[in-house]
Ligand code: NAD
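Given as structure tokens, the chain that follows is alone and in the form predicted alone.
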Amino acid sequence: MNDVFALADDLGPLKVIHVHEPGIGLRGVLVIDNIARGPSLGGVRMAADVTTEECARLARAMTFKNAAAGLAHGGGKAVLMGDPKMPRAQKDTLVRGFCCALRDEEQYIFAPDMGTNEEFMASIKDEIGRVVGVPRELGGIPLDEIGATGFGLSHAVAVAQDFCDLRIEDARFVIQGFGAVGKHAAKFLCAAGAIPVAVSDSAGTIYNPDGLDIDALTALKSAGKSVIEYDKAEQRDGDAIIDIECDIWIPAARPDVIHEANVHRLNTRMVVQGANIPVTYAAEKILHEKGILNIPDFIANAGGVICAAIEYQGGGEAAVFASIEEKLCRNTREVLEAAQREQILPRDAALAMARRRVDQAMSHRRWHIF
């Protein structure tokens, strides 16, 4: 808990709630960071090694992401400690127990994240109703199924190419974390003419300089298999994904995968952050010094939360793609133009933009955070 208090500032966090039910093996945390713009919206993440501090950092990222996207939502995040590959019935029990324990926390809206999906959001809807990202048959917009985050990321790349003398057509890209975000980002980038040369998941990395068949890889993942079972590529260990030469490198898995100790291994022209907080600030400074363009997480990967907000407001899929394209293109251009004009890191430009929007919302509140 001390680590969370060390992160506290004038924006939050508003609440940190620990949930513990030994009878079912439930350990979880909810961090509601800031609700000046509206009820917090953020995903439920499951991982064996997730921490309260990580949850607080992710909640803050959601505060800035929602503000940058112009959404009427604040930032929050929930995490469940456990193996996301546990038996479905056991996992469902934990998700249901967690949301029931948080039934009265109306300042937080549940959404899918790493380790959870629309199937488990359906369980939350059954228990408490305050959730987005539920299956289509329950009236939801399944953001993982339609690839909302990957779609937005591809538009961020389309804008960013003008800032680093790069063309998407024939650009070689690498995806670290071929999951819900990574596979859709790959699909949309391939549709724009880019070439995937390497991807990884928790089991390892595959590499083929002539390109990978994304449809075949997606089929493997849908069957519960690893990308390393793809037989038309060279197999390497998971960490080797960092060293592969490419034009666009996309982290789409866990936080802090790129840091001061390994950032110099990247051999790319552009980093586009598909995951939340995947690159440390110190590493981002090094990328900037090396002339590698870096698109921050809460700018590049906002497609999913835009989709979730539209669902919460009762909108449909037709509105989702148009809104994601408009917001991602506008924000990416605004951030990169400010970074170029002021000679600052793209993250600093993005933080300044998002902070202005949060501060404006807070100025209209009786209580700054409430």
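Think of the rigid core as the biggest set of C-alphas that the two forms share within 1.5 Å after superposition. All residue numbers refer to positions in the sequence shown, first residue = 1. Note that the structure is a prediction, hence the values are computed from the model and not measured.
What comes next is about the form predicted together with nicotinamide-adenine-dinucleotide (NAD), which is not displayed.
None of 119-127, 263-271, 102-110, 170-178 except one has non-hydrogen atoms within 4.5 angstroms of nicotinamide-adenine-dinucleotide (NAD) in the predicted bound form; the exception is 170-178. Not one of Q161, D247 and H288 places a heavy atom within 4.5 Å of nicotinamide-adenine-dinucleotide (NAD) in the predicted bound form. Scanning K327, R45, R37, R60 against nicotinamide-adenine-dinucleotide (NAD) in the predicted bound form with a 4.5 Å heavy atom cut-off leaves one residue, R45. Taking a 4.5 Å heavy atom cutoff to nicotinamide-adenine-dinucleotide (NAD) in the predicted bound form, the contact residue among K221, K187, R236, H259 is K221. Although the partner is absent here, D201 is a contact residue: one of its heavy atoms lies within 4.5 angstroms of nicotinamide-adenine-dinucleotide (NAD) in the predicted bound form. Put simply, L212 is far from nicotinamide-adenine-dinucleotide (NAD) in the predicted bound form: not one heavy atom of it is within 4.5 Å. Residue contact check for E284: none of its heavy atoms lie within 4.5 Å of nicotinamide-adenine-dinucleotide (NAD) in the predicted bound form. Though the partner is left out of this view, I195 does not reach within 4.5 Å of nicotinamide-adenine-dinucleotide (NAD) in the predicted bound form, counting heavy atoms only. The partner is not shown here, but in the predicted bound form the stretch 274-288 reaches within 4.5 angstroms of nicotinamide-adenine-dinucleotide (NAD) through a heavy atom at G274, A275, N276.
With a cut-off of 2 Å and the rigid core superposed, I324 has a Cα displacement that falls short of the cut-off between this form and the one not shown.
After superposing the rigid core, the Cα of Q176 is displaced by less than 2 Å between this form and the one not shown. K290 is not among the residues whose C-alpha shifts by 2 Å or more between this form and the one not shown once the rigid core is aligned; its shift stays under 2 Å.
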